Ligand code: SAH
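Below you will find one chain, with nothing else, as structure tokens; this is the form predicted on its own, and questions on how it binds or moves follow later.
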């Protein structure tokens, strides 16, 4: 009950108050138990207005950023979504509430194992996961109605945008190692249209078409 109240407060004060209006996104944020996707020592901080560490040098994004990126995907219940960067699985769970099927890629095997166990426990059976280089996408399952990238890229990976359907949307942070611009990219028959959603800061997108691992 306490965590339910914290989720409701999170949605009303951090997300609705900043202009997120997609009813289905708000419902998903109210439902998914964010505190289960962080370590036990951090569970009472899980609904705060900030990102949190999840190990392996990775983070769970600030709740508002999760909501903003999800809203920008414009998901319907019939959509097939590709997520690059499973992390703790929280964003994955939000997507699974909204889409028909979620394909998620994580390069850090231990993070993927932990996230998969939790997603299975919460009965998100519409999630398919694998450990690989997310900058290459998932060609065998493409095209996708939406793609979300939860790490900052130096540029938009061509391999990913080519895996969008016509009319498909991708949301990705692009910039340098310290700050990025959150972009919504929509594929049209004659090319791609970018919308600037504002500044943000993510961990680096590592891979063949991202940053090199140091």
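Residue numbers count along the first chain shown, from 1. Because the structure is predicted, anything quoted here is derived from the model rather than measured.
Another form, the form predicted in complex with the named molecule, is not on view; read the next lines as being about it.
In summary, among the residues 180, 163, 58, 184, the only one with a non-hydrogen atom within 4.5 Å of the named molecule in the predicted bound form is 58. Listed residues 73, 96, 129, 111 were compared with the named molecule in the predicted bound form; 111 is the one with a heavy atom within 4.5 Å. None of 120 to 128, 138 to 146, 73 to 81, 88 to 96 except one has non-hydrogen atoms within 4.5 angstroms of the named molecule in the predicted bound form; the exception is 88 to 96. Put simply, residue 54 is close to the named molecule in the predicted bound form: some heavy atom of it is within 4.5 Å. Residue 24 falls outside the set of residues with a heavy atom inside 4.5 Å of the named molecule in the predicted bound form. Using a 4.5 angstroms threshold between heavy atoms, residue 15 stays clear of the named molecule in the predicted bound form. Mapping the unseen interface onto this chain, residue 28 falls outside it, with no heavy atom inside 4.5 Å of the named molecule in the predicted bound form. Contacts between 98 to 127 and the named molecule, taken as any heavy atom within 4.5 Å in the predicted bound form, involve 105, 106, 107, 108, 111.
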